[in-house]
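Only one chain is given next, in structure tokens, and it is the form predicted alone.
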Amino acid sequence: MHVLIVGLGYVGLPTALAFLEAGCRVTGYDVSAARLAAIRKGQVDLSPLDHARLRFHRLETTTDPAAVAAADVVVICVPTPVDEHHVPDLSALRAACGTVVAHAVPGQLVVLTSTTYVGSTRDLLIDHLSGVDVVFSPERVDPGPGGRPLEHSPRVLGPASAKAGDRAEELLRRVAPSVHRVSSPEAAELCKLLENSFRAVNIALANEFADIAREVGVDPVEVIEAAATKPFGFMRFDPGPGVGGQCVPSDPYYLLWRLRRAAPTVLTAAMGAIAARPQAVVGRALEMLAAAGRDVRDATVLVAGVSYKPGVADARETPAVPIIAALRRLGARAEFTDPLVEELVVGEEVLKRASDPGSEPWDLVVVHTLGGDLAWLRPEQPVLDATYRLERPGDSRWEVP
């Protein structure tokens, strides 16, 4: 079976490697020649397992859209971000689907995996293809060194027809332990939006409870750990500085964007709270600087860890950017350090990481993402632990938001 993967980003590349491992012939198509060159050199952000697969297998790559016609199966894995106004940016998805529609041939199976609005599989593929089987099966890639391998996650499948569902189920069982079939592409699309909306709402609630705990003088982590001992009716979520990456900061807006009459008040409030969380961290940083007698206009602040999660070099939608930007607007000399991120775009500036963070007496260190060696942090140093996960030394000046 010849599988063509459209888009070799953080979802498409692991997907291609999983199909290679399953014995398929795989071609990766991407519009970026630079991305394909980085893949050939192995200079990509992957789990240790997928790095090993990339070294072992031969992945054919191309920038020629005509390759679509030569495949038995086409799997679309392109990003679906939102813009600065939280409006879905469908440009990559529309371009990818347009390419597939232009080059598809009868008898093919097309699988859309990109998270998107309800109805997009029909709007962008089904209504434009004849003699081609189409399904929606949302990606469930868990990036990072501790992430669950793709083959360990069940897949949801929403087919346009029974025949398409049968073909796609046989395909997906090669790279998934099980396949859960639903009645339509729309049901599968809404399933994916529910998954990440669920996460968004619970992260917002965890942050709110952390604020409540501080207000009443209780350790929020102690409370969460106690609640997590309940073996039913509770799922643990931890507070933090905000959310980043491709999914939680963006995906719920693909649901809110299309709704007019439903007006989901809980989800709308949760996304507003998530968007405001980085500014709340800035507020606590200002309180700590003021308590230490430091004016923010001449303070030095280091943000430790800027990727959106530990163990990855991915800084997309990271809360670290608005935190650093706000501190710099207020006059602070705000810098960052991260073992995996060398440069960070903040507004119109490109910041270089501080290579030796322990060599300078920072007025405040904001720990944003755990990763790397933090042994240079000293108990007497003001530290704002926005991860809520550092073990606080006795008699230290370390606090949480």
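All residue numbers refer to positions in the sequence shown, first residue = 1. In this text, all values refer to a predicted model and were calculated from it rather than measured experimentally.
Quick note: we don't show the form predicted together with a small molecule, though the next part is all about it.
Here the marked residues 32, 92 and 115 all reach the small molecule in the predicted complex, each with a heavy atom within 4.5 angstroms.
Contact annotation: of the candidates 236, 316, 174, 148, the single residue with a non-hydrogen atom within 4.5 angstroms of the small molecule in the predicted complex is 316. This chain appears without its partner; in the predicted complex, the one residue of 307, 120, 207, 246 with a heavy atom within 4.5 Å of the small molecule is 246. Using a 4.5 angstroms limit between non-hydrogen atoms, residue 9 touches the small molecule in the predicted complex. At a distance threshold of 4.5 angstroms between non-hydrogen atoms, residue 155 is out of contact with the small molecule in the predicted complex. Contact between residue 186 and the small molecule in the predicted complex is not found at the 4.5 Å heavy atom cutoff. Using a 4.5 angstroms threshold between heavy atoms, residue 311 stays clear of the small molecule in the predicted complex.
Look at 163-171, 289-297, 267-275, 246-254: in the predicted complex, residues with non-hydrogen atoms within 4.5 angstroms of the small molecule sit in 246-254.
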